[in-house]
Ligand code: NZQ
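Coming up is one lone chain in structure tokens, specifically the form predicted on its own.
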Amino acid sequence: MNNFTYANPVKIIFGKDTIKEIAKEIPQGSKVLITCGGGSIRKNGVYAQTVKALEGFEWYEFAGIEPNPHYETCMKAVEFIREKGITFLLSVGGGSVLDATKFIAAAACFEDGDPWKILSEGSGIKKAMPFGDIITLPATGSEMNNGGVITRVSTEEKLSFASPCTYPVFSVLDPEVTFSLPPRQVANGVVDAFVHVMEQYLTCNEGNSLLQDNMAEAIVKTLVKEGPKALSDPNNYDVRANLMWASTWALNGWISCGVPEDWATHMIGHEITAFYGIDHARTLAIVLPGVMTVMKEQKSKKIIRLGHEIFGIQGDDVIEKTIKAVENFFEKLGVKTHLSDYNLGDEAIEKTSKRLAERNWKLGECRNITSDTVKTILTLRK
């Protein structure tokens, strides 16, 4: 196990009827800005509960944050914050709204030029506005980590950032608010969380971090068991609660302590989303089986362990059967796993691999996935 330092300051407020608790967590006298997306929170009652909880606060609203949050939209929010003298941000929605809120919180305090430098150059975030969140879609784990991903439409780029300054002060997780989610979003969330775990588990690490491996497998077992149930029995509270908590644990930092991390699937998937607007989780479902296939020698011990522990695969050809089991799990959720399913082919392969070549990125836990490797991975996923 590698050396590591770990700290996580996020206060989790979990369970039924917990949105009202935000009144105790936001400092009195704060000027609050609700950040939100396209309006679903008005349909499922979350907005009304939030407004009621904010009685006594001066609050404003910034709506219209996209599923893949745009830098351009975030900067409009920054202007609004400065105009109104906002002192506290409240993200109400899924992980994309929260990712945007994290970036807005940092950009509003950024004093070293264009805040895009946070993403394009990795400019350090020295401070950020305080913010909390009410999560309505289990998927990204953003509610208990310090990272986010932002898309710049004008340049077709999707880049990530992270900082100790961009942890939420608190996160409210009420499984009941997920009952009304469309099946597509439920399935996407399960896939996203599943691949988050794989990026930290499915590496060249040969099992010298037993606790992290066991924790990762517990999360994946929960996703594999409860994901399909959430689609067939959407109002089952215990299923939704297990799924929501598993999605949080998939990316709250615990299972990455002391182990190598991959993230090639995400980096490749981000480019496909940036170019073609395909749902983030669906790009992951396309790419992951290709990464597993091309890098199977490097990852062989962990793929075999995944097959044994999660899918009960024994006997011959465990690696190939495990890769197929992962693909089948995504398909069972209704998430297609090939580029052709999204009317993409050679042009998308060339464009994506060229972008990575231009950046001279070397991906994967061993930094040995080049643009040519990416082309091979995506060609397998046609």
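Model, not experiment: these values are computed from the prediction. Each residue number is its position in the shown sequence, starting from 1.
Missing here is the form predicted in complex with the named molecule; even so, the following discussion is about that form.
- Segments offered: 263-271, 208-216, 124-132, 72-80. Contacting the named molecule in the predicted complex at heavy atom distances within 4.5 Å is 263-271.
- Contact annotation for K158: at least one heavy atom lies within 4.5 Å of the named molecule in the predicted complex.
- Contact check for A139: a non-hydrogen atom falls within 4.5 Å of the named molecule in the predicted complex.
- Heavy atoms of K299 never reach within 4.5 Å of the named molecule in the predicted complex, leaving it off the interface.
- Remark: Q49 does not count among the residues lining the named molecule in the predicted complex, judged by a heavy atom distance of 4.5 Å or less.
- Across the proposed site, N44, G95 and H196 without exception bring a heavy atom within 4.5 Å of the named molecule in the predicted complex.
- P182 is the sole member of G258, G277, P182, P164 with a non-hydrogen atom within 4.5 Å of the named molecule in the predicted complex.
- Along 10-40, these residues reach a heavy atom to within 4.5 Å of the named molecule in the predicted complex: G37, G38, G39, S40.
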